[in-house]
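Form predicted on its own, single chain, as structure tokens, below.
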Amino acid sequence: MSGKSSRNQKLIRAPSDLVSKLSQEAACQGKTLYSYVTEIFEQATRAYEMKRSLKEILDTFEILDVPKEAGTIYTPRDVLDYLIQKTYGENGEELQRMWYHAGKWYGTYLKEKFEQPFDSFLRLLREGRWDLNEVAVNKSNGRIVLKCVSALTPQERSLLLQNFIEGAAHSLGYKTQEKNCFKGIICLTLFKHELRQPEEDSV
């Protein structure tokens, strides 16, 4: 690396192809390679101080960018719950279908974008703004038991979120074996079905 600095400097070995990529990116940003790499190191140190890794932060940012691609608009919790309660009595089944198909879109998008789409979906549930205090997964004998817990989610929104999760899971090649939903608690047992089987599109 080159460049003048009042700081003490040390030589750091790095793969030549990586240095070449960094040099190109630094040039695109109008920076010297030294200043660009220093900035990267500073941000890595910042992540460490947050007890996070850069990979973890970037993975989280990438998954949180999915709702933006989906055209999601965040709504205050109280407003959303009010609207759901106002319409659920007469249009509950239609709302469930809408959330189910929204989940299918998410699952399809994740399948195209990520190598491990189901794991990415779990990360979306954990890191997204779903008011979930806990997202627990137990994998055994080809089955996945998914449990979501929230102290702030009323019964109606819990049911809608269950349908959203099922839609995503079905588009990722899973079927529902068992499901239970209470106020703030969703428990789904899923299993991977054969590709030759037609995918059910019911809720």
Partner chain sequence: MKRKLLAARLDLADKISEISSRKGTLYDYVNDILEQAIRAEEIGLSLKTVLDDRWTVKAMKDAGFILVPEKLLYDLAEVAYKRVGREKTTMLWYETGQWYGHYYGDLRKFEAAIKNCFWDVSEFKILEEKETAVLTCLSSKFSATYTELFSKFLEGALNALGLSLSQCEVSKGIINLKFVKPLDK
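The structure displayed is predicted, hence computed values, not measured ones. Numbering follows the first chain given and starts at 1. We call the rigid core whatever largest set of C-alpha positions still superposes within 1.5 Å between the two forms.
The same protein also exists as the form predicted together with its partner chain; that form is not shown, yet it is the one meant from here on.
Engineer: Of these, 29, 155, 138, 177, which has a heavy atom no more than 4.5 Å from its partner chain in the predicted bound form?
Structural biologist: Exactly one residue meets the criterion: 29.
Engineer: Can you check whether residue 24 is within 4.5 Å of its partner chain in the predicted bound form, heavy atom basis?
Structural biologist: Residue 24: no, not in contact with its partner chain in the predicted bound form.
Engineer: Hey, in the predicted bound form, does residue 115 get a heavy atom within 4.5 angstroms of its partner chain?
Structural biologist: Because no heavy atom of residue 115 falls inside 4.5 Å of its partner chain in the predicted bound form, the answer is no.
Engineer: Taking its partner chain as it sits in the predicted bound form, is residue 131 in contact with it (heavy atom to heavy atom, 4.5 Å or less)?
Structural biologist: Yes, residue 131 lies within 4.5 Å of its partner chain in the predicted bound form.
Engineer: Please determine whether residue 145 contacts its partner chain in the predicted bound form, using a 4.5 Å cut-off between heavy atoms.
Structural biologist: Residue-level check for residue 145: no, no contact with its partner chain.
Engineer: Taking its partner chain in the predicted bound form, which residues along 79-93 bring a heavy atom to within 4.5 Å of it?
Structural biologist: Counting only heavy atoms within 4.5 Å of its partner chain in the predicted bound form, the contacting residues of 79-93 are 79, 80, 82, 83, 84, 86, 87, 90, 91.
Engineer: Establish whether a shift of 2 Å or more occurs at the C-alpha of residue 45 between this form and the one not shown, with the two forms superposed on the rigid core.
Structural biologist: For residue 45, whose C-alpha is compared between this form and the one not shown after core superposition, the shift is 2 Å or more.
Engineer: Note whether the distance between the C-alpha atoms of residue 52 and residue 151 decreases (closer) or increases (farther) in the predicted bound form, against the displayed form; the change is 3 Å or more.
Structural biologist: Note: Cα gap between residue 52 and residue 151 shrinks in the predicted bound form.
Engineer: Based on a C-alpha change of 3 angstroms or more, tell me if residue 133 and residue 53 lie closer or farther in the predicted bound form than in the shown form.
Structural biologist: Result: closer.
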